[in-house]
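Coming up is one lone chain in structure tokens, specifically the form predicted alone.
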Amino acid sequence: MNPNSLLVLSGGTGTPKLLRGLVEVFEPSCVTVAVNTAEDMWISGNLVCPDLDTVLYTLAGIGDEQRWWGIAGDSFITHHELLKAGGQELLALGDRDRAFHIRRSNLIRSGLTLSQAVDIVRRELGVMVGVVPMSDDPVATTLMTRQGPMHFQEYWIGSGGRPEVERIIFSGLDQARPSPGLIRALSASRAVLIGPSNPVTSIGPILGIPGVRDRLKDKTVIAISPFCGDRPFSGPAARLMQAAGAAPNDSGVSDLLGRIDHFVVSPESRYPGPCLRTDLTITDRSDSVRLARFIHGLMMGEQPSDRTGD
């Protein structure tokens, strides 16, 4: 087992920001990113995988690093023409972005699994890091709101995250199997990094796949909080944590994630348990590299001076 081998669990915003630095600090061939697929949906006849796409585009150097969605400088001619013609699309898909959706969907329609299709697109994009879906089986995130059940994308994009969420259901999760790539990475990796993504709807489904948590028992698990103090860096993490019965802070993150060997929180955090404190703000690539070096130090057994609660 390579001492630098790392499995990263990722959603679609916070963790991709960190990946920019990880691939500069770690040898890309030693890193595998397992990505949440519970927010995927079919749009205009093609499978859209928001978190997978953001990870792939980020690692390929073409992602939109302002929105953390889609491809930088993309056009939206097809989307606008479709709307003018009376069609509907929940998500505004760019033209280049749509081309990759079509490519992946045609591969799946030809009989390939999602893992196989993603790996072909990964190689076509020139991405050296391993990128795998959490599962080849369909899982859907449904939010039960006072306005009725909503797919995650309907809630976050269609309704702007406004409806109050009473319960969260991951349809198909109990029957989902970890993808072959995730199984290989769980066996080969020395450490598992839980990225700073939403602990309920991004990381939760990955950890919720039957058998995944058990395979973490002999790994060094490092978790990066998605909170700055008591505020999430982005997205609806706080309100979804409350809907899941967890406190909307680092204590709630720890409760949701389970066993963690190194829990990294912001200096402002009021988390009372064992943790490491460092600046988690990622505004540019240099911030990402700084945090990646911190993570590499933990893997190499370095003892940071900002450990508390031991």
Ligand code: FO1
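The first residue of the sequence shown is number 1, and the count goes up from there. The structure displayed is predicted, hence computed values, not measured ones.
One more form of this protein should be noted, the form predicted together with this ligand, which is absent from this view; the next part is about it.
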> Can you say which of 131-139, 179-187, 145-153, 115-123 gets within 4.5 Å of this ligand in the model of the complex, counting heavy atoms only?
Replying inline: 145-153
> With the partner left out of view, is Trp69 within 4.5 angstroms of this ligand in the model of the complex by any non-hydrogen atom?
Replying inline: yes
> Does any heavy atom of Leu107 come within 4.5 Å of a heavy atom of this ligand in the model of the complex?
Replying inline: no
> Quick one: is Leu207 in contact with this ligand in the model of the complex, heavy atoms, 4.5 Å cut-off?
Replying inline: no
> How about Gly12: is it within 4.5 Å of this ligand in the model of the complex, going by heavy atoms?
Replying inline: yes
> this ligand isn't shown here, but in the model of the complex which of Ile157, Ile102, Ile169, Leu82 has a heavy atom within 4.5 Å of it?
Replying inline: Ile157
> Since the partner is left out here, which residues of 76-101 would have a heavy atom within 4.5 Å of this ligand in the model of the complex?
Replying inline: Leu91, Ala92, Leu93, Asp97
